[in-house]
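The form predicted alone is given below as one chain in structure tokens.
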């Protein structure tokens, strides 16, 4: 089921265009990695989705409700942490959740449920000032999902987390997507982590979408694949026209599967021994850099 639909979203401040023609959609159960360089317009786009900034043009619909025409109905479907989770540090985690629950007339049983979901049962009655950053992030998510939103938006939630905190956060988000069918947007610069739990990626630059696809689709951005070779010599200028020297025994090159055979022949005929050939698995960071280079925005 369609949860979020952005169509030709446009944001202009004075003469400066912040977001231009932002269009993408998100279904229930999807986890979308929202990525792009600093200044790409990601946070501005998120703020428009949650009503913290107005649209200059286009439309945003959340669960069928237009953010401008039916703001109250649309925003009831959203849970969000924009930039940092706001908490009362001198109160306990449970007291913070009680305040958040009062906005939605939610009873104590739901508070207990979300506390279990984010794994804070043993620390929920301690003051937030004693929480680690990861615990504060989990508490922020608990507050954001109290009212059973259809869409959860998290702006840079992985920043500053240690590996254990990142793993715990990923587990929570995967559970929310798979069990509660929640659609989730995660903005982050930690691309290797996004790749491990997002099923969709939106690459964003200068206010518009460069690529919007599944993780599998977005890794197939080029017909050529990258191969890594272990060889007896890296002095190959007369044999290969283009390659990258990794170290004195390893090179990397782009080639189609069919042409790699011809390359190996050429190396062997020129007395270059090839000890190993393996196809490099492109990570999300590799794909991101290729997309940005192709767009001349990076």
Partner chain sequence: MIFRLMKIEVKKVFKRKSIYVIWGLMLLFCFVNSFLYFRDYDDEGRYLYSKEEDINEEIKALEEEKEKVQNTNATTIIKTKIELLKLKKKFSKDSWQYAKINDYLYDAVYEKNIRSEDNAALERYQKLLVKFKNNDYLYFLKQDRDNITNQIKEIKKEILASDEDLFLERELKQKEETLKVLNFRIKNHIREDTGYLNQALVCYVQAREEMQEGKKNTYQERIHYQELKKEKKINEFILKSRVNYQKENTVNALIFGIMNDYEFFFVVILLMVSAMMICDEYQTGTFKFLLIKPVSRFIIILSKYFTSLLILGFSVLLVFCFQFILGGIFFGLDSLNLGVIVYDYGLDKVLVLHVFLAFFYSFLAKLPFYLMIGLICLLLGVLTTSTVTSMMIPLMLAIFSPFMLDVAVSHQLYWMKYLPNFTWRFSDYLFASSSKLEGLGFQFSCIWYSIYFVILFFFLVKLFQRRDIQNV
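Positions refer to the first chain, counted from 1. The term rigid core refers to the most C-alpha atoms you can superpose between the two forms while keeping them within 1.5 Å. Because the structure is predicted, anything quoted here is derived from the model rather than measured.
Another form exists, predicted in complex with its partner chain; not displayed. Remarks below refer to it.
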**Message:** At 4.5 Å between heavy atoms, only one of the stretches 102-110, 184-192, 166-174, 206-214 reaches its partner chain in the model of the complex; which one is it?
**Reply:** 102-110
**Request:** Would you kindly say which of 269, 52, 239, 273 lies with a heavy atom within 4.5 Å of its partner chain in the model of the complex?
**Result:** 52
**Request:** Using heavy atoms only and a 4.5 Å cut-off, determine which of 86, 126, 179, 121 is in contact with its partner chain in the model of the complex.
**Result:** 86
**Message:** Check residue 137 for me: does it contact its partner chain in the model of the complex (non-hydrogen atoms, 4.5 angstroms)?
**Reply:** no
**Message:** With a cut-off of 4.5 Å between heavy atoms, is residue 76 one of the residues that contacts its partner chain in the model of the complex?
**Reply:** yes
**Message:** Against its partner chain in the model of the complex, would residue 61 count as a contact residue? Criterion: heavy atoms within 4.5 Å.
**Reply:** no
**Asked** Can residue 148 be called a contact residue for its partner chain in the model of the complex at 4.5 Å between heavy atoms?
**Response** no
**Asked** Can you tell me which residues in 9-24 come within 4.5 angstroms of its partner chain in the model of the complex, by heavy atoms?
**Response** 11
**residue 180 C-alpha moves between the shown form and the other one by 2 Å or more, core aligned** = no
**Item:** Cα displacement of residue 127 between the shown form and the other one reaching 2 Å, rigid core superposed
**Value:** yes
**Yes/no, residue 87 Cα shift of 2 Å or more between the shown form and the other one with rigid core fixed** = yes
